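Have a look below at one chain only, the form predicted on its own, in structure tokens format.
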């Protein structure tokens, strides 16, 4: 039976001394299935990171339930098994790297699971190859770039063979090159290795790579659909305090100016093909830039 993460009417409050509880999650119901690549988006404070921390029992519901392969996160006897199935990658890799050698860091998790040494060796090599960091296995993590560190953090999680990987804004602290490295790694883990991904991000170009986007506002899920459907609602996305991919915005602006462009454009190559169709000569007319036919 395929694995799944299921939230049923999940509610959660943060409680502070001498202050009223702050309601963060409000009757959230959602299911994430094995093999999916899901982007979880929303402005700061909407509850997305709090929701993700319920997926591996770091936080527990005030009411409602969270089930991981049918195991309730409030069941203390199931917590270890749940955390074996759901791995978490933090925003800052320096907060997650614990060893002075890359391969020792990746081995740390499996060692704590009691995995036999020979299997640990196999897992470490597999994980480092999967994220493209095998050649750095004997390097010191502090000498790596930000993107390389984050890929080591991902390797440390997948070496424990979880079914789901939760990544909490893993590219937020990276430069464009590091961001590209990490996103290539994440998409490869999903498409090539079949790992289930939940990516928390503010970057809509990253969200567009997912199979499904879940948008949150004020502790509730307000959108849940494939990217090509979500980004047809540009005004609604902006109302949530979010942006859209620049190429999607360009297609939207062209449509507003009377040019027939598809509504589901998410990537540059899609936009280029659509524009090129309008550049074809028209009998007695001009192209979209006002040039006479050629």
Partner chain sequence: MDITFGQYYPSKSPVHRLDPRVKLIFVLVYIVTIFLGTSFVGLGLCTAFLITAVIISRLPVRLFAKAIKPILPIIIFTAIINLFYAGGDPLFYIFSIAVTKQGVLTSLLVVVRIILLIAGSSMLTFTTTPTSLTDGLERLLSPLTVFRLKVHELAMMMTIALRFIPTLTEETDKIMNAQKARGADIDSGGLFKRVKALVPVFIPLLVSSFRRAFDLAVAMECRCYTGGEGRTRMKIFKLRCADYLALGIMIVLLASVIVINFVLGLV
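Numbering follows the first chain given and starts at 1. As the structure is a prediction and not an experimental result, all values here were calculated from the model.
Not on display, but discussed next: the form predicted in complex with its partner chain.
**Distance check, residue 236 to its partner chain in the predicted bound form, heavy atom within 4.5 Å** = Heavy-atom contact with its partner chain at 4.5 Å: absent for residue 236.
**Message:** I'd like to know whether residue 139 contacts its partner chain in the predicted bound form, with contact meaning heavy atoms within 4.5 angstroms.
**Reply:** Answer no; every heavy atom of residue 139 is more than 4.5 Å from its partner chain in the predicted bound form.
**4.5 angstroms heavy atom contact with its partner chain in the predicted bound form for residue 115** = Because a heavy atom of residue 115 falls inside 4.5 Å of its partner chain in the predicted bound form, the answer is yes.
**Asked** Heavy atom to heavy atom, is residue 188 within 4.5 Å of its partner chain in the predicted bound form?
**Response** Contact check for residue 188: no, nothing within 4.5 Å of its partner chain in the predicted bound form.
**Prompt:** Which listed residue (88, 174, 221, 197) meets the criterion of a heavy atom within 4.5 Å of its partner chain in the predicted bound form?
**Reply:** The option sitting close enough to the partner is 88.
**Prompt:** Among 184, 211, 84, 72, which has at least one heavy atom within 4.5 Å of its partner chain in the predicted bound form?
**Reply:** If I apply the 4.5 Å criterion carefully, the residue I get is 84.
**Prompt:** Hey, of 213-221, 200-208, 115-123, 174-182, which bit sits against its partner chain in the predicted bound form at 4.5 Å between non-hydrogen atoms?
**Reply:** In short, 115-123.
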